[in-house]
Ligand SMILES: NC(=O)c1ccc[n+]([C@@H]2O[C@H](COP(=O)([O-])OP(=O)(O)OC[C@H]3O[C@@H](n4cnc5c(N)ncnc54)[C@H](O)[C@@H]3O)[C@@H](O)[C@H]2O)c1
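One chain follows as structure tokens, the form predicted alone.
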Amino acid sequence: MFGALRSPRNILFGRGQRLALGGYVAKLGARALVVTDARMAADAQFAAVIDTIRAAGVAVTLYDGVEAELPAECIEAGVVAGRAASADVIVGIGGGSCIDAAKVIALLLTHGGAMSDYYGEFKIPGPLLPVVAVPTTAGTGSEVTPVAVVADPDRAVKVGIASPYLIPDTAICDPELTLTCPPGLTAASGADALVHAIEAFTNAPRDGDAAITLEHVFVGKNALTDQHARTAIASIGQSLVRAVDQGDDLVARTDVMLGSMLAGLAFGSAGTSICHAVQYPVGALTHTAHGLGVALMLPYALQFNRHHVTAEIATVGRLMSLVTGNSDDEAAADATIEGITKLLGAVGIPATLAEIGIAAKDLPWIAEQALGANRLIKNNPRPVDRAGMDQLVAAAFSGDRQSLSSPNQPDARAS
């Protein structure tokens, strides 16, 4: 048995926990830079949350210039604001982009340089200014993860910065903050979290060598991440449709937010895989939401991996209540993939790459770029070469999932 888990120092979860924000910020610094976007900054509920920081005696500087995809300009402007305020604690409030921005701003305020200096794994030399993360959507899990994804002006696809130093000091998850999240965003975010949990649970495990956590940020499926992934899969799988269809259902919202946070803890150590590898070039071409792209790929990825993680896929279906009775793992895995396909369709996730604007001529470039995301590809339980990636993206383009059903492929689980 091998287990590895990285997490914040503090995690608060539950209704009303946002009101604890000021007390946690005050323990970390005297001058806070609050990082958010313009929409969130105009929200009355946001103002009440910020008031808790001021009431705790902390000076507040607001930076509301976060933009989707995190272009370099918005990060640089946040660094300027933080430096002018002599900020000694960073607070990220909003969706995944806001929290990722807070993490990268803290990085650059601490260590200087350019974002590109830190692309990849373990490029951050030491601790950062402390970050407190308060998500208002349930999807990315960024409040508990060691990664931030940004747009690089010199690259066609988004780039990741991965280091345990990026994990926030404190995550405060209050499901009441997600009640105003519109249905489309609720669906894409929640589906993103479901993919995080399922990829973490079905990823290839590694051998647990004593050096593995020192050499890799993402160390594969393991005993500790599996516990979080299982609960996340059950919570999201059984409540996402209700959260989308009945946005005022706080029980469903709570389940999805809990699942999102636990999925972040799972993939923050286990890593994600081919759904994410394909989404990066697809997102660059279509500018569609990240969660929509990875969720679209999920049924195809599960079919691609079907004969290498049959038992795990069957377990996913049982956790999501997609499989009933005493079906064997083979039948349960097939029912799971079919059930997930229907669930994603029910919340409005497109079924094919063609539906979101990808053209047939784009497929070779998508396959090439996806295959280059080695930190993701290496986690997949089925080895992925160029022929396999071409097959995967072709199936996702045409909708022909059954073209991926070949059992005669080598197993990556011991590699």
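None of these values were measured; they are calculated from a predicted model. So that there is no doubt, residue numbering starts at 1 and follows the sequence shown.
Not on display, but discussed next: the form predicted in complex with the named molecule.
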Contact label in the predicted bound form: R39 to the named molecule, heavy atom within 4.5 Å
yes
When the contact criterion is heavy atoms within 4.5 Å, does S142 count as touching the named molecule in the predicted bound form?
yes
Wondering, does G95 line up within 4.5 Å of the named molecule in the predicted bound form on heavy atoms?
yes
Please check if M261 has a heavy atom lying within 4.5 Å of any heavy atom of the named molecule in the predicted bound form.
no
Which residue, V195, C173, A148, A187, has a heavy atom that falls within 4.5 Å of the named molecule in the predicted bound form?
A148
Among P125, G345, G113, P182, which has at least one heavy atom within 4.5 Å of the named molecule in the predicted bound form?
P182
Any chance all of K103, T137 and H290 sit within 4.5 Å of the named molecule in the predicted bound form, going by non-hydrogen atoms?
yes
With a 4.5 Å heavy atom cut-off to the named molecule in the predicted bound form, the contacting stretch among 125-133, 316-324, 173-181, 104-112 is 173-181
